[in-house]
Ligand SMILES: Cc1cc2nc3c(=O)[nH]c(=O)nc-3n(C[C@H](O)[C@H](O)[C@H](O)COP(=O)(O)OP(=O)(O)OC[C@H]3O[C@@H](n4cnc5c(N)ncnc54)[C@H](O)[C@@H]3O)c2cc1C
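Have a look below at one chain only, the form predicted on its own, in structure tokens format.
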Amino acid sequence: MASEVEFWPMSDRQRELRQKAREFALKEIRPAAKALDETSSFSEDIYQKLAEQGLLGITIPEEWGGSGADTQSYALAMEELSYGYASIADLCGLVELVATLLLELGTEKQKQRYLTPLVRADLKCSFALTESEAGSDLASLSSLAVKSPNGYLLNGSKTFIHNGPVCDFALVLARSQEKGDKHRSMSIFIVDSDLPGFSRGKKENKLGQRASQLSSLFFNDCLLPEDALLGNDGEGFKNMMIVLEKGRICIAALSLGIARAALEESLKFTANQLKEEKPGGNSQTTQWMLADMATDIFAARSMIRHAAALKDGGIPAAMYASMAKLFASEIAVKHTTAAVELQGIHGYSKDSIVERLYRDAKVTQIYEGTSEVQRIIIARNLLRKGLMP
């Protein structure tokens, strides 16, 4: 019988990174997950250790402090880290996306100042897109950066920003042109948190992934130097597309890690029922539930590996990344719900791992584009191409 490694061929580098992430999740993340969830705190210790293990900036070249690995390695690591605790995987994903934009768009000076310190955990970042009236529709954002003799004057606010309470800098998408096409009037700015006019809102009290902290960010006549502009003026929306595929593959893998943890807890619970000769362990309902979990997890992993392989091959992967994100997030919610139901009142207790997994899963259907947005992207690709390739 073929092993998983034989069925899914992996390079030595991919296998090494997956194993490193797996061991880190078991040794460092899982033991801390309950306390981090309860306190909704940022773990500086785990953040530093992620960098030491080469798990920040996984696809960033070694010359800039990253691991120089491919998207498939990144997806494998994200699954393992999320199996440990999704909030930590989410932090790793945030660094990856911000680092990718800095790598692709940054000047030599910007990369030296922000990129290398970021992947070495010397700096903490945020990715500030969402506004109260501009969630999935970024074209509606109203934050404005007006050109001035000394740079740009930024005014506006962002809401529900990951790492907002602790970031040292944020990549902020704002309008830099008051007139013209909405999609061609945005720019990305690097905004240091110690600038006058920069302030933060309260830390949000979230349902799940509680150690992945959120807050609003406010910009009141925040004067940015000219070199705060990342990429070309007016190309911010276009430049955001650089990380869309990777971001959706990332959340798909994170969702998969949650679902896998739910299956493992369900198997442990069922095995204990069988050991104690309780009727639930042998019921057809339980068996079908476990079979559906395992089947969907295998399907999600297949979709993620396919999308990641396309991206590594330089082949457009937008539709497949959206399929993977949609499917993996939906099954994470479905099967964490099933895991709670399987354990009954024990699964509903705050002392239960599946209770946390159930809460952690829901947001995967929302961030990096809601399930409805993913369906629109998939349908548009189908209609444009006529048939799936």
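What you are looking at is a predicted structure, and each value in this text was computed from that prediction instead of being measured. Sequential numbering from 1, following the sequence displayed.
Keep in mind that the form predicted together with this ligand is missing from the display, and what follows is about it.
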query: Contact test in the model of the complex: residue 135 vs this ligand, heavy atoms, 4.5 Å; finding: yes
query: 4.5 angstroms heavy atom contact with this ligand in the model of the complex for residue 130; finding: yes
query: Contact test in the model of the complex: residue 372 vs this ligand, heavy atoms, 4.5 Å; finding: yes
query: Close approach of residue 378 to this ligand in the model of the complex, 4.5 Å, heavy atom; finding: no
query: Segment that reaches this ligand in the model of the complex - one of 288 to 296, 268 to 276, 120 to 128, 74 to 82, heavy atoms within 4.5 Å; finding: 120 to 128
query: Single option in 326, 50, 363, 338 placed near this ligand in the model of the complex, where near means a heavy atom within 4.5 Å; finding: 363
query: Residue (of 160, 152, 237, 198) lying close to this ligand in the model of the complex, criterion heavy atoms within 4.5 Å; finding: 160
query: Whether 206, 214 and 367 all lie within 4.5 angstroms of this ligand in the model of the complex by heavy atom; finding: yes
